[in-house]
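Only one chain is given next, in structure tokens, and it is the form predicted alone.
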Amino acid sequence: MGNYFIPVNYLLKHILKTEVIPSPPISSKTIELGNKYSPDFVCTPFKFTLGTILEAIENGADTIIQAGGGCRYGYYHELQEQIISDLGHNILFINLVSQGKTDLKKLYHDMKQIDSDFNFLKGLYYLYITAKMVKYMDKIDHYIRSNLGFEEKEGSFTQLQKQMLEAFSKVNNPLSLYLKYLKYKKQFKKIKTNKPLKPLKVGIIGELYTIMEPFANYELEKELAKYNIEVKRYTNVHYLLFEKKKQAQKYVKYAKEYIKYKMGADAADNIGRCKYLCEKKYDGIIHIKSSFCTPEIGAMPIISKICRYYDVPLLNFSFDTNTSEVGIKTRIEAFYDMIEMRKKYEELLHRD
């Protein structure tokens, strides 16, 4: 899921005496495998993750660690374990989240299944470093999304981010990580950009996996950057782990004229975010989800209603394993043309 495999690998390598096999990058092979063995109408992230598991097994993995909850993601473990078993693979499946919850005691016993010498205090120490790493990654990602479309030298942000992540993966203590973060934060701000005072601004909301895994959304953020658009996206791992529980109810209260209760997964969050982005005068909103994502399907008509009320252009994407990349790029281009013309028209009105 994006670059988050880096802190996960970092954590597991430091707390377990076992070989950690990185998940292979998602490819057409991943999708082919996931499609072949998944139920037809299951949500698309199930197919992506099943394909990834099968590729990991091909590479020698004998233990699979999963974490899921909030929607049908909470059932992935049982169903995928059954599919893998039916295919003749004898794999140990460990699900870190049960019924949408986890705790330190459960995590301790889960790790003991993999490594009988697992040290609890050492695990907590590196879990703390990993959590900080995720936080710093997400902060830098936020800056990149805001400025990627305006870099003077193409590839500057991507290249520096790669260096930063490699440096993060080699730290041994929280102070070293923090100093690395400060160092690269300064370097990112030194990258020359040509950003106008009032650039086009687009907010991205939607289902968490499709938003955070670039392959699943066909590199949507980079595609928008090509049109010199400042991108705003809320959902990241730090938010999901450390902020969502506090913020979710606030979103329901903030958008109470549209929703009365939580709708599962991130649906209520996205409705609240949609209203906020509209009130902040964003030029457009893109709502993305995987096919058959029930919470986001429920949110779609409400999001459409909010955008109509505030007169903010909305583009909906529903991604599956057969989505046409050409079709996506064509729709993005048309969306850009529309919001650019609207912005120019509004600027002319203000001049008059």
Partner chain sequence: MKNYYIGIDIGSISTKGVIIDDNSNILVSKYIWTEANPIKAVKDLLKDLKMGIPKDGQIKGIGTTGSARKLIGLMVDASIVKNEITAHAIGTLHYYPDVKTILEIGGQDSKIIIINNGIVSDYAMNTLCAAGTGAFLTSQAKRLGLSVEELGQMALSSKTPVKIAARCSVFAESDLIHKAQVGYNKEDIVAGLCRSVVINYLNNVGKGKRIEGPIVFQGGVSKNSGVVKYFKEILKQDIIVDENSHLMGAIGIALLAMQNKTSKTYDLNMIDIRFETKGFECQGCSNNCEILKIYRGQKLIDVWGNRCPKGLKEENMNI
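Residue numbers count along the first chain shown, from 1. Note that this is a predicted model, so its numbers are computed, not measured.
Unshown form predicted in complex with the partner chain; subsequent notes refer to it.
In the model of the complex, the partner chain stays beyond 4.5 Å of every heavy atom belonging to K36.
None of the heavy atoms of Y10 is located within 4.5 Å of the partner chain in the model of the complex.
When the partner chain is considered in the model of the complex, F215 lines it closely, a heavy atom lying within 4.5 Å. At the 4.5 Å threshold, heavy atoms of S27 reach the partner chain in the model of the complex. Heavy atoms closer than or equal to 4.5 Å to the partner chain in the model of the complex belong, across 337-351, to the residues D337, M338, M341, R342, Y345, ordered by sequence position.
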